[in-house]
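Have a look below at one chain only, the form predicted alone, in structure tokens format.
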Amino acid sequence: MYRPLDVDTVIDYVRSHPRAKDHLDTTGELEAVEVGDGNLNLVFKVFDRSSNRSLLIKQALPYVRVAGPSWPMPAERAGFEARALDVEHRCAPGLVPEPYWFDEQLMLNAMENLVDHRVIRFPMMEAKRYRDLGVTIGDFLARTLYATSDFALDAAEKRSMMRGFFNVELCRITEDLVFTEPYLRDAPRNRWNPRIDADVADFQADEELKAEAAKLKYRFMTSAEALIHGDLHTGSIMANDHDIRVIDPEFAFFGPMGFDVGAFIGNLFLSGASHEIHSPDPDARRSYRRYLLDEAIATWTTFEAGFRQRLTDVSSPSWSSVGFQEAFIASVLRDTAGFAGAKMLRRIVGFAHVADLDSIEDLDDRARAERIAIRIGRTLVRQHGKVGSFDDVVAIAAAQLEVRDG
């Protein structure tokens, strides 16, 4: 029977589960800490103090945690995360936490506890640099997106896999909060800094922008290219100084590849905009923004190179056409640009913001950073269909972040 766990009952649960003993001493002294700081779930770290081993328990609540019971959300989303994590672990071992088990009754996932890792969003607000961040995420994207696409699977295999990822409710969240509500003046869940009210009114009146956003929404809803993470941002990545992992794939479904690539790159650009305030020294600010742009470039180039290399092994003669492959990569690039922009705009105007910007207490200072992000996001959405190379994407961001080439 489903019941939400707490720091006491999660210990009882771990002691009673037959697979837990493979990962810690269930007869020893166990300690649990609740560490969930996201929008949706309960998250517990359970430690075995005698051996210092541990595991992580993530339990879905039957509502959106940040909103409370007034916003119901099926706890069955934990099953989507379990299946996605299993696929990602097989496709990209070492780049995600190792999954241990899924409990369908309690709607929870037990997995590897990344003991000395931190969510990278907050250190990056302090200008932390992670070595090979873009290379690692680009590699993760190339591995997972190719392996779950029509290029690697025959039609029957892919359709069979898709049946496990009809993630209706979480897709609806994205459709509403990313592609619809930010462009509506009267959407009740929207919120924004009152200092940018004129900027928001201006882009919400931009009919060309709204038309391009609608195209992106249609792509998101209709292009089942691969199993995508669905929520890949700097809050969904944990790292230490030598290891980087992607976490939280509960939004996973079969969608357009560029959504994942663009989501991460858009968050790098959001970080760059926030350093208008977080890095008051001009030289330090310029240097860190250069790092962020370089990591965006590394993400795309690593993804593209890895994907192209895998395309040399396609079995279907249809997919081996050079002209087709070039057209497909170009399509993913355009999607990447557009989705990056859409993800940026929703974090400023929509329901769920990012700490990069919301942590700036002075509203006038925050507005300075937000206007930079709005200009980047708006341009990317409006011009994504015209993007011919990733240099075009970088140039749009660099112009607003005031970073020169080189």
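Because the structure is predicted, anything quoted here is derived from the model rather than measured. Numbers for residues come from their place in the sequence shown, where the first is 1.
One more form of this protein should be noted, the form predicted together with a further copy of the same chain, which is absent from this view; the next part is about it.
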Listed range touching a further copy of the same chain, judged in the predicted complex by heavy atoms within 4.5 Å, from 102 to 110, 323 to 331, 132 to 140, 258 to 266: 323 to 331
Taking 240, 299 and 395 as a possible spot, do all three reach a further copy of the same chain in the predicted complex with a heavy atom inside 4.5 Å? no
Note: exactly one of 180, 190, 279, 204 sits with a heavy atom within 4.5 Å of a further copy of the same chain in the predicted complex, namely 180
Position in contact with a further copy of the same chain when the complex is considered in the predicted complex, options 314, 184, 127, 91, heavy atoms within 4.5 Å: 184
Quick one: does residue 287 come within 4.5 Å of a further copy of the same chain in the predicted complex, counting heavy atoms only? no
Under a 4.5 Å heavy atom criterion, is residue 116 part of the interface with a further copy of the same chain in the predicted complex? no
In the predicted complex, is there a heavy atom of a further copy of the same chain that lies within 4.5 Å of any heavy atom of residue 319, even though the partner is absent here? yes
Do residue 71 and a further copy of the same chain share at least one heavy atom pair within 4.5 Å in the predicted complex? no
So which residues in 140 to 171, when you check a further copy of the same chain in the predicted complex, have a heavy atom no farther than 4.5 Å from it? 150, 151, 154, 155, 156, 158, 159, 162, 163, 166, 168
